[in-house]
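There is one chain below, alone, in structure tokens, taken in the form predicted alone.
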């Protein structure tokens, strides 16, 4: 089934995938825009005061991040299903209906966040405005809507996977998406004990991202390597199973590093420290996986005596390689910076967390999902070999440079907070303000804003390229 990504361009499943990618790109732009607003407010606290306060801008920034990635994940699966199973996705009409339900729900939720913002602090707020749980603030009615949409998506995946030629990639996705949908339920019930509430909240945040999402990335990387460079399926799927075992092995118990300071038993210190320390290992395997398969396939081509690149989609492959680097750096290295309890005692709640979050989400997920968007553009336009354009190069350079710049700036800011607020001032209320008023912290926030603007400009180049590159004559058809 290698290199059959151009088959079924007229397939309804692939058409639905392009819908998901389009809305994901719009939300990606919104995420960056609200992030820019929040970054300005760090430097100019009066900016949009009582119109769009920092708490609201941050909420929109983070929720748009989660939702655009979920949209792009669903789109990626709908794109690859016909290629991997050899049949049209079953239940595609329901899939299209659920897409519009999902879009409508997200639009309503964003409008409420923007124009209502705060509720009466009773059951009405939880049901119709927002729940107040960081990252998963969606009101209760939207929670149920998301569950219905996710179950419909999982049903389509299972019906198609069981009826068609089920590959290893589809098998992994089928298992992973059950966990993906199921774990969301852990954040839906209410408990008035803050420690218990945080305990279940971390199930969604950590096990979603560091288990189910990472396994998803492994499956997409496997599909992308087969599609873009004609990598050998047996080799790719062997790596995939290794990564799945390692990710679940380290990711599930690695949740313990979130339990250090929320009132859970002390044995989580040891469990969290040990298994969190193992979490970079599967990311190294993913890194090796991508570069090994590229080198092996290119070497086989060069051995024929004809020097031709084996990559049939240069922009997508660039983003996939960046995923291998970014996942290891952002999720692995920057995550490990502050995951041991002895270190986390000082770094918890500082900009170290923000630095890790920015690079990890971008490096582990945004990169590979943008790569899948380019694969969809290639397939939709019937391009045999897709090349870089000036816009695609500007986009990848400015977005990656901007995110890396933000990460370094936030790391410096976190370092100042650790030295002043925690080590010197002993984590006092006065120490918190002293840490944020220092010259290094202020300069780091200035640079974070500058690099955020660079990232947003890069997104504009990306949007332009995704919309126009399909008709560009530079590609081989």
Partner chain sequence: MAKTSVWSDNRFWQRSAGWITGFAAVLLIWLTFDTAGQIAMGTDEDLKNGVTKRVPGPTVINYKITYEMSDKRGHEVPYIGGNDGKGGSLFQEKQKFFGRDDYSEEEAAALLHLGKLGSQTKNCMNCHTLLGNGAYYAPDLTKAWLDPAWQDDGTMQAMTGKSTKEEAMAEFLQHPSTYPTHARMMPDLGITAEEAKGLVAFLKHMSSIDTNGFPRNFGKIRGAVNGK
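Remember, predicted model here, so these are calculated numbers, not experimental data. Positions refer to the first chain, counted from 1.
One more form of this protein exists, namely the form predicted in complex with the partner chain; it is left out here, but the text below deals with it.
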Inset, instruction - Establish, in the predicted complex, whether 15, 143 and 397 all lie within 4.5 Å of the partner chain, using non-hydrogen atoms for the distance. - result: no
Legend entry - Answer range among 97-105, 192-200, 379-387, 156-164 for contact with the partner chain, defined in the predicted complex as heavy atoms within 4.5 Å: 192-200
Inset, instruction - Considering only heavy atoms, tell me if residue 269 and the partner chain come within 4.5 Å of each other in the predicted complex. - result: yes
Legend entry - 4.5 angstroms heavy atom contact with the partner chain in the predicted complex for residue 182: no
Inset, instruction - Determine whether any heavy atom of residue 307 comes within 4.5 Å of a heavy atom of the partner chain in the predicted complex, and answer yes or no. - result: no
Inset, instruction - With heavy atoms only and a cut-off of 4.5 Å, decide whether residue 244 touches the partner chain in the predicted complex. - result: yes
Inset, instruction - Scan 316, 229, 369, 255 and let me know which has any heavy atom within 4.5 Å of the partner chain in the predicted complex. - result: 255
Legend entry - Contacts with the partner chain in the predicted complex - residues in 114-142 whose heavy atoms fall within 4.5 Å: 118, 119, 120, 121, 122, 123, 125, 126, 130, 131, 132, 133, 134, 137
